[in-house]
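Have a look below at one chain only, the form predicted on its own, in structure tokens format.
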Amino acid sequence: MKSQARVVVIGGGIAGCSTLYHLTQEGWADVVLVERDELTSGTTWHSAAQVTNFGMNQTMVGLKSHSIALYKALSEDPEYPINYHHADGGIRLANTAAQMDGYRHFASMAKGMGVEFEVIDAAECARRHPLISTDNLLGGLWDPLDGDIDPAQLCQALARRARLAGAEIYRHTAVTDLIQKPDNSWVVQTEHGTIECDIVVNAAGYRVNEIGAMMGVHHPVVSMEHQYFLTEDIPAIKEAGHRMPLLRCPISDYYCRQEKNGLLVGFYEQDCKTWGMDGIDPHFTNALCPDDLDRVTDVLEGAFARMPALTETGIHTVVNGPITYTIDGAPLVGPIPGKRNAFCIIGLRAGLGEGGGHGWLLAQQIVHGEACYDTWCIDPRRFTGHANVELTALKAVEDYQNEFRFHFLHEHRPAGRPAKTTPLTPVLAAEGAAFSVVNGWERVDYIKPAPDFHETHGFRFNEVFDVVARDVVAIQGSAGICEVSGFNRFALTGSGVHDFLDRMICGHVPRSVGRVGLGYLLNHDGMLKAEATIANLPDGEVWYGSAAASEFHDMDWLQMHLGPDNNVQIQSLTNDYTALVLAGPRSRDILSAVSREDWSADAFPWLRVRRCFVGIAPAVVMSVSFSGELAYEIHVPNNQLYAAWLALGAAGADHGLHVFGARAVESMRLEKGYLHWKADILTEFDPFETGLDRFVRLDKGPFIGRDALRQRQQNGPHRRLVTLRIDADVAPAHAGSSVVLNDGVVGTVTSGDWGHRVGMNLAYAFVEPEFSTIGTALNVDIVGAPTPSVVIASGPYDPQNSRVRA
């Protein structure tokens, strides 16, 4: 066995084999895979092995398309062909109009990735799959490339190609310990020897947290028991003359595909069960859980109703094995939070179908630092300190029970809530708050106009439209107050803070005491990595503020570039403070009534910060605005947040102070041209393409990504972010919707909502540069309908910023 390698991948299922193979494709041959038993002896061997193009966002569609192309190439390899039923086709059923709207949106989104889905009616579903009934059925989404593959053959084919490229694989080699050296390299101790390596990858499947414990980390991954059975032969299948399409049914929580001349039928029962929570037998390998068909009786009845042929055949084999889930159902693929040179590819509940793409994206991150797509939707750092075992289990159960029921816009499911709260959470709940969830934090979406108010989730404007309109009118006319829980804030101290930030940020870094500025951090390819508000407090402390979801992501990036010669200390204050946003033309009067400071425009103009008291509560106040109105961010220690809230509420009673939530903020920020991290600010685009030219200073001195950005500037943009006015009032544009001209996709929407102050249906979209000129007429897919739109100037509300400076 080798004693030295560049990368050691731990785990020989689809995740590990795909990562190993793709590392060799990226040019790294000195790579090793270690597996405690045989390849595919974990979850992979009993996988139902469906291979679909369907994904909830474009990154997922893109990685699945890569998997399909790779698997097809492997199946056609004359030296080592594998069994892959490619392009049998597949249908996802629907029995509500909202589900059909969702399928229309997903078809539009996939079209932007070169994938052609088809939305079909109930009769066409039955024509393409003659075993199903159309009772209680509206239609479905057709994926022409859906299919299934042999799991063991797939992994062996990937392993074979990796070996041919120079990689080595050691089977029956259990890892016993992982030790990180002072230079951040790793020592991988196994039962057969030790390998020193630069980078380690956790691809350990349902044993993920056994490996995680060796690193001193816990991953939010648990396993669920999952059952399927294989039927005896079904005459109608033998007589059909073609393979049956795959079927996924959110109505009855089951799926099926053809297996020889019968069916493989799998269930996502409501009475589901976690597995391995108290540890896993070290001898559990190539093994299954005991059959428990009684648990799936309710689902089976629905399957019988949808497919009567199931009542006329016998069960040949029952399979019940563990599959892994994360808190949101999506895998964890990327850097391990808080560790250097450590990556994971875990929580792949649909591992076989998409594992080729996950390994592809991970290998790019390991070798190049970033992947070709923005990978935030699968980034392990999207969960932070709240992601414990108990929460993960609750969310895994919930996700399992809703396997084929996608999340609607603004739908936040109840399991595991509340995970993170502030002292104001029960106060706002008593006022009728409807909460959303951001990185585990409960955040007010809006205040219900009546106790029995209910939102109908879907892809069209709904009952909340008028609620948000009233919020915006109140803020614009007088004042509003909003709690922003979980806002990420780091306190930076030391003599080298500003020089360090100047190296991290591509534009001007404010250095004067009391000044606030917005900055953008780039990766080494010159693409957008992070957005941060930099505030210089009077005592020399510098606050770095960013999106609530970015807590682990930004801390990793900053600490990664903090050299030994930098006199900089970073302390997270994210869980110690909460921000109150006071916005509107009367906000200055309200703040003046509760604080002895001078809040006049001359004494405290736009983009300033100071420490003060709000009532009796100490606070850090910034004159910044995400709404386009005069506004203040008031950051208060959590133990005195309620005191500040009461003081502001009492002072605002005479000024029409109105409580608002995140939905109103989303509407207002689109009217102002303000961007949202990981919606509009993506690693796939540079600041020039994103319209952030004013935040770039190429001549200021070295900063991360500067040389790459200069080269990109010379080459010209691949896309440009534009604002669109859409001629529709039934629905907003949704992230991923295609922008179309003459039946060709020319761009993709990143954000969309109604702008109540300007009376426009607005969207941001990245489009091909030749279509970015103001006045260009385009079409945007709105729930399946090409809708006339036009490019307009960014920030149509108060473009002179007179209101924020008032």
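The structure presented is a predicted model; accordingly, all values stated were derived computationally and were not measured. Residue numbers run from 1 along the displayed sequence.
The protein also exists as the form predicted in complex with a small molecule; that form is not presented, and the subsequent description refers to it.
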Discussion item. Please tell me whether the candidate spot formed by Ile14, Gln50 and Gly353 is one where all three residues come within 4.5 Å of the small molecule in the predicted complex (heavy atoms).
Written reply: yes
Worksheet item: Which of these residues, Arg669, Arg306, Arg349, Arg720, gets a heavy atom within 4.5 Å of the small molecule in the predicted complex?
Response: Arg349
Fill in: Candidate from Ile570, Ala240, Ala174, Leu562 lying within 4.5 Å of the small molecule in the predicted complex - any heavy atom
Ala174
Item to complete: Using a 4.5 Å heavy atom cut-off, indicate which stretch of 384 to 392, 631 to 639, 469 to 477, 316 to 324 touches the small molecule in the predicted complex.
Response: 316 to 324
Worksheet entry | Val333: touches the small molecule in the predicted complex, heavy atom cutoff 4.5 angstroms | no
Practice prompt. Although the small molecule is absent from this view, report whether Ile782 comes within 4.5 Å of it in the predicted complex, heavy atoms only.
Written response: no
Item to complete: May I ask you to check whether Ala204 falls inside a 4.5 Å heavy atom distance of the small molecule in the predicted complex?
Response: yes
Worksheet item: Can any non-hydrogen atom of Thr750 be found within 4.5 angstroms of the small molecule in the predicted complex?
Response: no
